[in-house]
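The chain below stands alone and is given in structure tokens; this is the form predicted on its own.
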Amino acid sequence: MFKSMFEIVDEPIQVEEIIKKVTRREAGAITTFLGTVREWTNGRKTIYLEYQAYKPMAIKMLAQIGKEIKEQWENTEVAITHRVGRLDISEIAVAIAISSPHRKAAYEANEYAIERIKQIVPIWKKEHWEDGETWIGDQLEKVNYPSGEPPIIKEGN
């Protein structure tokens, strides 16, 4: 049987396993989204990323996103896995799979999922560049950390 539909993991994400979680007879469409580590951001060469999360709340928020999707798009199934720890260039940071009877709902729900992850899930990213490193802020990259790191990490949680 499968692990949870909503997970925070510290090992490489197995995309096929995420897809299996949402595969079902009534689904005529399965969409996937893979967020990967890119090499260049705003003209700076990234060496690797480091993700940290407040796992209990992050899992709860991923499940909340799944609930929102099921309410908005009828007969959908959702699985989301986000990775934490060190990720090198091209590694998968997040995988989202959504199944539905028809493709339009699967596409729309998948886009909704990644946007909501960035809005409400307590996951933080530290970029390591050739010339330094910094915590980026919230997933929307609109909040800076005056202390240089997310409060939850500073508190040791």
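Start at 1 and count along the sequence shown; that's the residue number. Just so you know, these numbers come straight off a predicted model, no measurement behind them.
The next section is about a form of this same protein that is not shown, the form predicted together with a further copy of the same chain.
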Problem - Triple contact flag Phe6, Pro12 and Glu68 to a further copy of the same chain in the predicted bound form, non-hydrogen atom at 4.5 angstroms - result: no
Exercise for the section: Report yes if any heavy atom of Ile114 sits within 4.5 Å of a heavy atom of a further copy of the same chain in the predicted bound form; otherwise report no. Expected result: yes
Problem - 4.5 angstroms heavy atom contact with a further copy of the same chain in the predicted bound form for Arg103 - result: yes
Handout entry: a further copy of the same chain contact in the predicted bound form: Ala63, any heavy atom under 4.5 Å
Key = no
Exercise for the section: Classify Arg38 as contacting or not contacting a further copy of the same chain in the predicted bound form by the rule of any non-hydrogen atom within 4.5 angstroms, answering yes or no. Expected result: yes
Exercise for the section: Counting only non-hydrogen atoms and a 4.5 Å cut-off, give the residues of 29-44 close to a further copy of the same chain in the predicted bound form. Expected result: Ala29, Ile30, Thr31, Thr32, Phe33, Leu34, Gly35, Thr36, Val37, Arg38, Glu39
